[in-house]
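Here you get one chain, nothing else, as structure tokens; it is the form predicted on its own.
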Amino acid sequence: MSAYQYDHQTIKGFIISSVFWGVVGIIIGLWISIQMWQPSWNVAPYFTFGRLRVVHTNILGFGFGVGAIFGLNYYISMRLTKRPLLFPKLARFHLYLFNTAIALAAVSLFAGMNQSLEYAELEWPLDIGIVVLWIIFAVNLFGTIIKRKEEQMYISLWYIIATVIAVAVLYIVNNLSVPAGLFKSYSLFAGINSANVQWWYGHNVIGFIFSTPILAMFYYFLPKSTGLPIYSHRLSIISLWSLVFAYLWTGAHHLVYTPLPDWIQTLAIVFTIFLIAPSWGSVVNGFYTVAPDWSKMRTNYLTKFFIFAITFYGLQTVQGPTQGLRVVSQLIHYTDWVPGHVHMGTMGWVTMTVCASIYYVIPRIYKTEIYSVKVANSHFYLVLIGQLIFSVSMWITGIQQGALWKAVTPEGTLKYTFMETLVKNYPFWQMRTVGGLIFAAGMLFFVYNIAMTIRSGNAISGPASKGVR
């Protein structure tokens, strides 16, 4: 057999890379949270909020998130197809190209090279590199699935397929641009069309990076870690196709009360409300999977991660559609409520699921046990508390901002000046930094635990040992 059989080295490389970029992204996130209430932390020109914020979102979204997706979905796909990757050397090249692209992306954004599209800031040469990365991923995954030795396709494979196709379409369409030099380009779309295409992309690329591939991990690693079969494969399939159908129509809910035609806004709102059902199909599936033995919440440390993660996913997928309603949006649109919603998903749902999946995989590819369950439990409680402080403080800030901005005197003039509304945010922004510090401390526990687990084990450098899964 080839030395790439079950290619643990590539998987290990993606996991370690994603953890590294995650640490970098969290540090930058803490920095910009301090800049909100301590302006002296803005160091021009490279370390101002405007530059650091896009580095933060890209490194965490693509460096940590997509890096983990590549590695863990390769791991899942090989086991569900019962065969090694079709092109193992291409996967290794994929790993090297990925890290090169993320490093170049960070450098270019620090330098101010930005096409001013949310989650699509990279200029055209790097866009091409990202497309190449995705093509490599698609070719390897689809080829492996087509050549699979297991006829039955488990739900995780379907979620991975949906991710690959949807992200490819979204990224290519939104990044169509006209180059104006090596480091500058202009979008092919303009005006309200540009905004509509951007948020069709912006909302859905988050959905198909932070929902479908993370659900693929959830559906695979929850049953594997608990020893309990998934409650309903049929429900998971119905949820998948309903999710895919509804998600692609929802982007315009970001453009409520803008010049976008009302009928497009309303269509997006309707599909956004519908989105609650397929999302909660997975929530119910997760809860009912563990329902036969809730004692695993005490006896199996990974169960806590997965169940709380899917709970945050459920809360997020109620909160998101609710804030898309015009009556709610008129209060919280453009306020801190919205990033509070986003961070509940990224810090609660995504990070908990990814960390738990890594906790499951690393001991198996190193043929050892997790270094410390106590450290893992400490990690869990710290990120849980930190995330709640972080998100709740932002929700309160958002409601306060909306209320103060809308307050008027009996004469019909604004009751509060801009500076008065700004100063009232400071205590909550400071609280958000405290929550971020607690969350970051939890992630350091995670990094330490993974590093010590790797140190205590022997990585599989050749074919997988018999029985190691």
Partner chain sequence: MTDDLDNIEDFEAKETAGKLPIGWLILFWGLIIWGVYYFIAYTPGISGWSQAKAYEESVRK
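Positions refer to the first chain, counted from 1. This one's a predicted model, so the numbers in the text were calculated from it and none came from an experiment.
A second form of this protein, the form predicted together with the partner chain, is not displayed here; the remarks below concern that form.
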property	result
Listed residue that, although the partner chain is not shown, lies within 4.5 Å of it in the predicted bound form (heavy atoms), from Leu104, Leu97, Ile273, Leu315	Ile273
Contact assignment for the partner chain in the predicted bound form, among Gly202, Gly281, Gly320, Pro88, heavy atom within 4.5 Å	Gly281
Tyr301, heavy atom within 4.5 angstroms of the partner chain in the predicted bound form	no
Residue contact check: Trp294 to the partner chain in the predicted bound form, 4.5 Å heavy atom	no
Heavy atom of Leu133 within 4.5 Å of the partner chain in the predicted bound form	no
The partner chain contact at Ile269 in the predicted bound form, heavy atom, 4.5 Å	yes
Stretch in contact, per heavy atom within 4.5 angstroms of the partner chain in the predicted bound form, of 79-87, 344-352, 124-132, 372-380	79-87
Sequence-ordered list of residues in 301-327 near the partner chain in the predicted bound form, where near means a heavy atom within 4.5 Å	Leu325, Arg326
